[in-house]
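We begin with a single chain expressed as structure tokens, specifically the form predicted alone.
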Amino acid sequence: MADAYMGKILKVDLGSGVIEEESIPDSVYEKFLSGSGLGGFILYNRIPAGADPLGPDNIMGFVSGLLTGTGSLFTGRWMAMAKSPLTGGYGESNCGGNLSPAIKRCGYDGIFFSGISEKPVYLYISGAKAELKDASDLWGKDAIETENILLERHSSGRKPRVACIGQAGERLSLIAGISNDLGRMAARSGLGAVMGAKRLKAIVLGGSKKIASHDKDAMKALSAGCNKWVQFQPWFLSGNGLRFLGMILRYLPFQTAMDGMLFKIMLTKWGTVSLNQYSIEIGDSPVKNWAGSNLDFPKALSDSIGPDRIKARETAKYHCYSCPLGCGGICSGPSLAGETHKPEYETVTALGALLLNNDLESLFLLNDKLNRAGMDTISAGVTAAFAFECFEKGILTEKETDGLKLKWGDSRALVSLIDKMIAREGIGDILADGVKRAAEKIGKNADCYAMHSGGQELSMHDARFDPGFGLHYTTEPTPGRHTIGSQMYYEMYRLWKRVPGLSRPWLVYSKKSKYRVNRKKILWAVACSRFINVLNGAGGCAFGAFIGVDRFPVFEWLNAATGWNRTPLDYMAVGKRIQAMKQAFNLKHGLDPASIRPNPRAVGSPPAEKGANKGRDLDLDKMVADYWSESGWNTKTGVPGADTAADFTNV
């Protein structure tokens, strides 16, 4: 066995209560790394076709990354995965916090749950002992309460780490997530509902095993070199200056390739909320359920949610495990009972500009409510915006909304609606399963306003600004996510610096050129997909990778940690294999990749008539066909070739 990975997984049958270890062959790690590669391998081979996502045959995994604990930086991400009840296909959610090293310190690279418990339980691991404990007293409590109780209950010895669900997961909301470290959320794919269906309230991990690294000196030198880039923090603009910069860039007919060091500087100063106004001005932020534009959320509205306003509420910076940057924050305020995690850009936009809501107090309150309930803030905001537009169009009336007048910008109505979604009361019971199912139940052409791709609510990056988002929203086995790739992401990853055969973008280029489909840009998208699978197999953070692989030496870290001697091309081949395996998972479970498309409005059909993205549309069908072709898949069906399938079944 190589260093860095533990070589074992823990299997927990919640139906029988049987807990057993399983050794994993080196060949699996060599082909899939650990992290989401290992998790995807287990799910693909062990969940039977047609399994009910909320039934006993579904397998729920918690995995750590191969680089976690090895001395590398930005490598504390953990992933949850299962068959998604939201999309019906491969479901995966990625989180920071502090759980990733705890999984490995228990001696495992992953913990996998099957079956359904008769009563609420949680898994507790301490030393060499793993056991299921009664969680009946925790059922009904929110995620923050649950974690605090479990931390106090198991306070003797090494402080444990906890992942748990809130009421949204218990009530099987299909947009429920999983909380760690008092509000860090693995939010996407509805995996909190899978835990709720299995009556698994939490996992509590208190192991103390050491995590090895093959070449500690090399790891130390590589991390020191990376940290020099991270600590570079020159004077930068104010939050209002960022908004003004975005306005200037909107008017220019050209743009420059994005160097991730610029975004790193923004992250260090404000976190992701640095984008709150900047992204509205340049057309990256969707507004008014994708039907509006920057003109509908101008400075007069957006100033109240500017990055400086939010930073003023920050009482301490927050660092995930092994992160030298610390883009998170702990905040307090009059609308909060105590402290809470700083809302992220995605949250602020989904519950702000998407609903024309500029009430900052409501955004802090909603962020805290949703984190406690364990509900995805992106999906919750998109679903609320759908309901507001349905109300505007007369599809929903006060009779259906339990008397709520869903008027754009009304924060009180929004808070009441979110409360109903969390409680599954009245209209909230319909909305708690996301926009696709809500539109199906409501009818009356409500699907026209349901902004999702393949059942998953779209993230807060507009494909009409960066067509790469639209392509990845469509082609990824877990659709609708913004964390995979885009043209801008490719610029920041700087993969051409390490991977032979990849081209360098022009330093300055016409904005119109972004919308012309050509092989070069498709190859960039394919490279992003493969690279993110390597990153997620390593447990790496995209924000670290954004400074560029020549500064964030993930390929070199992997070699130093394991003792392997692989090239970046070798690792990209691993990413290709993982991507095909996840696509094959969806095919195994009856999904048709050719049927997955974002709501037409989100890709400029018809084009917007005003604002930053005026007149822009995407030739999505050609982009998808070309992406499948360059991936080596059938250009009409998206089916990987038989030789590729054999690569991840005959291990």
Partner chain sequence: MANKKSHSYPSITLADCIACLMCVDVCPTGALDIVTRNGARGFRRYPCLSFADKCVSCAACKFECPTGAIFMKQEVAEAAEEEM
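Residue numbers count along the first chain shown, from 1. Please read all numbers here as calculations on a predicted model, not as lab measurements.
Not pictured, yet referred to below: the form predicted in complex with the partner chain.
Among heavy atoms of Q231, some come within 4.5 Å of the partner chain in the predicted complex. Heavy atoms of A202 never reach within 4.5 Å of the partner chain in the predicted complex, leaving it off the interface. Shown alone here, M258 lies farther than 4.5 Å from the partner chain in the predicted complex, counting heavy atoms only.
Shown alone here, Y321 lies within 4.5 Å of the partner chain in the predicted complex, counting heavy atoms only. For the options G548, G409, P505, G71, the residue carrying a heavy atom within 4.5 angstroms of the partner chain in the predicted complex is G71. Residue-level contacts in the predicted complex: of K159, K393, R153, K441, one residue has a heavy atom within 4.5 Å of the partner chain, and it is K159. The stretch among 171-179, 100-108, 465-473, 358-366 whose residues place heavy atoms within 4.5 Å of the partner chain in the predicted complex is 100-108.
Taking the partner chain as it sits in the predicted complex, the stretch 199-214 comes within 4.5 angstroms of it through a non-hydrogen atom at just one residue, S208.
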